[in-house]
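So here's one chain in two forms, each on its own in structure tokens, numbered structure 1 and structure 2.
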Structure 1
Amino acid sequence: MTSKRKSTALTEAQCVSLAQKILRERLCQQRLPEQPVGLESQYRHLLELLKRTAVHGESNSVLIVGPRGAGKTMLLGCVLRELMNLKEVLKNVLQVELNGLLQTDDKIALKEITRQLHLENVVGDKVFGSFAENLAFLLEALKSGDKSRSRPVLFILDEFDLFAHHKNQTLLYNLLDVSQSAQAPVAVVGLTCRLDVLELLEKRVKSRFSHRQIHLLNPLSFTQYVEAVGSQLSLPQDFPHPKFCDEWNRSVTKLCEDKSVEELLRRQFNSSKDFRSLYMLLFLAVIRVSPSHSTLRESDLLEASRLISADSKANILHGLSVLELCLIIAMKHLNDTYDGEPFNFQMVHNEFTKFIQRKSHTIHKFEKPVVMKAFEHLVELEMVRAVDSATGKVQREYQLMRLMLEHGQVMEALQKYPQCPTDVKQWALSAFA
């Protein structure tokens, strides 16, 4: 994009877009970080393990367990990057990557393994033979290998728990069996976010698993979290425009010390410690930077946070008509009165007409079909949901419904609703207003 020669002549706009590009790449996790944060011991464990497979030909199996966004794939990616940098390993290791969401049964998985291993029954990109043949072929292939001669195979099973749902767990049994017998050296690495994954394994499969689990549960403290934010947002030293870079980094440091930003980050931290949701927040903030204000400001972060933490249903409520809002309030009152029991349209209409009678001067009197139409719109928006799906028998007015909104959501929406009639607001606060 820019060459060294032009670097001095970089305009502000170019700097901004370049900085955004770098940060976007980082925040969208397209590039592996230099070093995984806070996962040193796990990193070492996994690296040692895979190195032993690659170098000594020792078979192994391991599970990497951690909640979503904890950095399982990132950790494995970093380990593999380092492993492949070893000259001894690079040409000696075969890799097979499977994903439980893609390889939904053993048949597909087997084909994929065979394809990735380039076994001899693969022509071009096609794998030939029936399921049984493929299985027999793969097993024969693995059996023909031995510890010292064959190239080790790394099996990476993403969403490992889904493989446990395959019929008889044939694939897992066989992979783990190979890892426990004198055949071609393999390392089976499973990634999963389920803590109870071992309970999913059949007893024979479980017995063959080595029970090595690497847990990625980040015990980050808030200060570490803020530091991570700072480091993620700051630009690298080799940024072509040093002045811009300094300015940017200074603004980021200042940002992290800001009280409101800290509060915002703490809120985010309290809600979820994983980096993926943090990156989402920072990403939204970064894209708001423009040449007109070339540094990251707290308002950007606040806006991003507002976007992220916005309640989806409250947002929908802002777009409703007053009549629909009135119906929602009526339903809320019904819920209060009957303690969450389901209601039907007739009851809602009654409640609504009572309100109209009291406040006839402020609210236009609607015909019943109009109210019905509004009610149906709410059903369509799934603000209201029928209790059971057997809709055919009962007349629509008497079908039992439930409100899918929380009390708080209604009140919040009313507060923010533009030009909401005061009577309606009062009615919402008290059933007898």
Structure 2
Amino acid sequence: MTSKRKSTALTEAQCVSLAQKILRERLCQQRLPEQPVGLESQYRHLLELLKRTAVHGESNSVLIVGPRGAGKTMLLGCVLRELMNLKEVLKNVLQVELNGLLQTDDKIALKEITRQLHLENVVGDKVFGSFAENLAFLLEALKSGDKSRSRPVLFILDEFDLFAHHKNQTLLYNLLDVSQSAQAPVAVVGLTCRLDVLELLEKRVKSRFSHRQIHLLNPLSFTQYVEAVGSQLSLPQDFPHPKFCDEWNRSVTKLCEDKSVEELLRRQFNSSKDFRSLYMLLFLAVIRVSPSHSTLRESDLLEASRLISADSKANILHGLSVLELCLIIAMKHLNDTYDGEPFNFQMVHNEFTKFIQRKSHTIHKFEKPVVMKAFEHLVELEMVRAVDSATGKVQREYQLMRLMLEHGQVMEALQKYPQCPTDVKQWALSAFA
């Protein structure tokens, strides 16, 4: 009775706010999905492997290979969540997470292993002869009271391929050696984007690896992709306001069947099957919902898609002054005249002055320091870049530069530019024809 009263007590604005909170958490991947979509066999395989280490004390090594955004971390997270639900695992298993981007050499990696295993006090000021000796000591320190059984350790190596660039691959060699020699129950799980990762390993390291690989190569069909969109945008059945929940979920189903939305999703699917970019699209659509329109609409997704595909440099161009636009057009003329060779400010200024004298009657004749200031602003915005960084001895006017913009970006900016003088447009068309 009380829950019923509570559900009716929620206003529409509160329902919208709560729905957004739930979906934001889901789309920002702060919460793992109930089950990984389209990865059932990989999920079972990895769970079985890690269970053997965590429950039966068997050592293993495995690589999870797939492109960025394919769901490697999510898959591992779901497996570990299920594994940690087992009582004997939760009390006994230790996890060590290393990342190739952070632990850039074996010394840093060893310090991080010691910290995550809470063994700083045990190690103290001890000096070890080698990496292997240090690692063996750490694993020995983890043995339980009767000294017969060591606690299982799961080593998770993100960006696994970067560890292969460490000197002599000492970390990989010792971890895989421990996992093979049954000194302690250890599972080494590597996550990588490189299909050729085994080719990077030294012979002695490769021989100690189990050669088990789990591939995540995005086998999703477009139908599954659309289903994933529907499930990501749907509210859970235990939402405190059942009526709002039903209306929202119906609107999501209707949205996924809409032709223009289907076309938009197909474009997204064909350009990238990466779930992260899909979640960003859905996130931008969800934040547009408000009490005045409390369900997702086709226009929300279309606007989100426009924001995602917007060209940041083209957006900056819309905010430039007419003088700065004229300088960009002058640079394009110079590029065409000299077959893409670099130019300097003096050449751009001469080209701009020629245009003012011959063709333009609407643009004010600017002093050279003002034009220089506009040119420097373009350099700050990284639309123009110096060819050589060592330019200390060269005067600013004669420093060689390159234009970093494409034809389409400038033309689009000119079309959208408010009250752009006609003669500037005509000059641009002659440069970009």
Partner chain sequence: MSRYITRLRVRRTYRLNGAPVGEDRKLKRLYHESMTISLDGRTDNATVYLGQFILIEGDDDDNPFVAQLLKLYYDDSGKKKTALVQWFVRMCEIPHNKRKLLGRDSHPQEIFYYHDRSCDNEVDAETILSAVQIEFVSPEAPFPEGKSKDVLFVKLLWDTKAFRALSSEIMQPPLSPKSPPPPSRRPPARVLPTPDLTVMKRATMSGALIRGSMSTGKLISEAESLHSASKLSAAKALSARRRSRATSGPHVRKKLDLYKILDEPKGTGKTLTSKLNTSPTGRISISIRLTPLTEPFSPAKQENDGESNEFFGLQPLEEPPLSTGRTPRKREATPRRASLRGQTAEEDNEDSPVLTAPTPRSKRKSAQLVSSRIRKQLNLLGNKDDLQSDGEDGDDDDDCFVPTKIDLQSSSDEEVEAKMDSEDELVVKRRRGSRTPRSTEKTHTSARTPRKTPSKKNAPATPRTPRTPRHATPSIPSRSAPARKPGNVLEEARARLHVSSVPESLPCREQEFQDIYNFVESKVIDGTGGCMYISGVPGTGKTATVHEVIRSLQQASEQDEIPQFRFIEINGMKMTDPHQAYVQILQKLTDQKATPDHAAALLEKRFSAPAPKKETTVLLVDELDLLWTRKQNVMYNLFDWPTRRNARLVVLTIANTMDLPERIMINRVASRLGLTRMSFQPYTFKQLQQIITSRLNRVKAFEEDALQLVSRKVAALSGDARRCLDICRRATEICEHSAGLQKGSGLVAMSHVMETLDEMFSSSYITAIRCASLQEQLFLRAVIAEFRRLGLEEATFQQVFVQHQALCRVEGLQPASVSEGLAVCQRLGSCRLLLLEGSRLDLLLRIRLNVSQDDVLYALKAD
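None of the values given here were measured: they were computed from a predicted structure. Take the two forms, superpose them, and find the largest set of C-alpha atoms that agree within 1.5 Å; that set is the rigid core. Residue numbering: structure 1 sequence, from 1.
Only structure 1 comes from the form predicted in complex with its partner chain. In the core-superposed comparison between structures 1 and 2, Val226 has its Cα shifted by less than 2 Å. Superposition on the rigid core between structures 1 and 2 places the CA atom of His377 2 Å or more away from its counterpart.
When the rigid core is held fixed, the Cα atom of Gly319 travels 2 angstroms or more between structures 1 and 2. Relative to the superposed core, Lys368 moves its CA by 8.5 Å between structures 1 and 2.
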